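Only one chain is shown below, in structure tokens, and it's the form predicted alone.
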């Protein structure tokens, strides 16, 4: 069974999905981390697409969720911290827009969810990757709120970062994601929308867990 959460940058998808996975004892799948891994390989290929796609197909990408952290390995070597650098962040939209990359990552995710119960988060899971998912959610929040959250996440490692810089970065990411030719960001018609602007973290987790519990009862 696969449960998906889509939404724009800073809407709280990742932290919410992890909290739900921990609370309900289900597996967590971070699609964004997989796109970041592809981006890392792209940068290591010096942005040469021919070399990049060769490496993407040659390298073995594996991943697992443990101790509230999504771990990614390339050929057995951890890249979990490397994929979170600002250099990768600035290039991920460019790489994620490539149809061959989206197909590659989508297949990675589809293969792993054949057994068990998973919750995954991203930007096009309910529309492109898992259109038949048992449950779909679309998390949203206004730009100001999303920027504040993202700033709080990053200010410790980036003390000079400002709210305006974060707002601009998220607004640009929203525009790229929504205008992307390959699987643009949009709400699936059958997704349950969760506007988190005025919700506490616990409230948004509670709302989604309640919906999941109801579906799991029906399946049992």
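Residue numbers count along the first chain shown, from 1. On a predicted model such as this, the values are computed, not experimentally measured, just so you know.
The following text describes the form predicted together with ligand DC, which does not appear among the structures shown.
- With ligand DC omitted here, the record of contacts in the predicted bound form names 85-93 of 85-93, 137-145, 111-119, 69-77, defined by a heavy atom within 4.5 Å.
- Remark: all three candidate residues (31, 36 and 102) come within 4.5 Å of ligand DC in the predicted bound form, counting heavy atoms only.
- Among residues of the shown chain, residue 177 is one whose heavy atoms approach ligand DC to within 4.5 Å in the predicted bound form.
- Looking at residue 173, you'd find a heavy atom of it within 4.5 angstroms of ligand DC in the predicted bound form.
- When contacts are judged by a 4.5 Å heavy atom cut-off, residue 149 does not count as touching ligand DC in the predicted bound form.
- Residues from 126-142 do not approach ligand DC in the predicted bound form: none has a non-hydrogen atom within 4.5 Å of it.
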